[in-house]
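Shown below, as structure tokens, is a lone chain in the form predicted on its own; questions about how it binds or moves come after it.
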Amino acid sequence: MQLEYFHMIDRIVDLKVDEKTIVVEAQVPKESTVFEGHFPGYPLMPGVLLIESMAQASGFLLLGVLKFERMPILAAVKEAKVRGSVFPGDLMTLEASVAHEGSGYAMTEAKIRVDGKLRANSTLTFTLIPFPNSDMRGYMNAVAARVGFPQQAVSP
């Protein structure tokens, strides 16, 4: 996880395009400037970054379902709940599934677990847009390769 670059996902563990599910992992760094202010002497992963992590996991799922033909952009966060703390050094396992897709939007259900315990969950809505340019498409392909996105899930 590279917080300063908003790269929240370290690796894709399992992507099942047919079932519209994904499992990813993210190792919270032991040290980051984020924790200097959140909170001194008691560092916690900020809730908004937990939501961003769920959004990125969902985004990779949607890229697979859409065969990289459109790009998911977070549009709404519903029912977001932080159910427990996430600390520096924790390994987060994120799961997401597509709840609905159509009419240029998609909704996912996402969860974060640490040591098998639910720490956060949310319903997320995404706008599905064409890639705005080849640079963005290339960047997303590079990020997908970095996290181990299955190449068979990418259109030729």
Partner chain sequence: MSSTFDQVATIIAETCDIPRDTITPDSHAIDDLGIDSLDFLDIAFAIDKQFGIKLPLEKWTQEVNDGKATTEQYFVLKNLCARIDELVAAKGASA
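This structure is a prediction, so every number in the text was calculated from the model and none was measured. Residue numbers count along the first chain shown, from 1.
One more form of this protein, predicted in complex with the partner chain, exists but is not displayed; see below.
> Mark Gly102 yes when one of its heavy atoms lies within 4.5 Å of a heavy atom of the partner chain in the model of the complex, and no otherwise.
Although the partner chain is absent here, Gly102 would touch it in the model of the complex, with heavy atoms inside 4.5 Å.
> Residue-level question: is Thr125 within 4.5 Å of the partner chain in the model of the complex, judged on heavy atoms?
Answer yes; at least one heavy atom of Thr125 falls within 4.5 Å of the partner chain in the model of the complex.
> Heavy atom to heavy atom, is Lys111 within 4.5 Å of the partner chain in the model of the complex?
Looking in the model of the complex, residue contacts with the partner chain do not include Lys111, since no heavy atom lies within 4.5 Å.
> Heavy atom to heavy atom, is Met107 within 4.5 Å of the partner chain in the model of the complex?
Yes, Met107 lies within 4.5 Å of the partner chain in the model of the complex.
> Please pick out the stretch from 111-119, 43-51, 92-100, 30-38 that is in contact with the partner chain in the model of the complex, where contact means heavy atoms within 4.5 Å.
Going by heavy atoms within 4.5 Å, the stretch is 92-100.
> So in the model of the complex, are His7, Val13 and Lys16 all sitting within 4.5 Å of the partner chain, heavy atoms only?
Per the other structure, none of His7, Val13 and Lys16 touch the partner chain.
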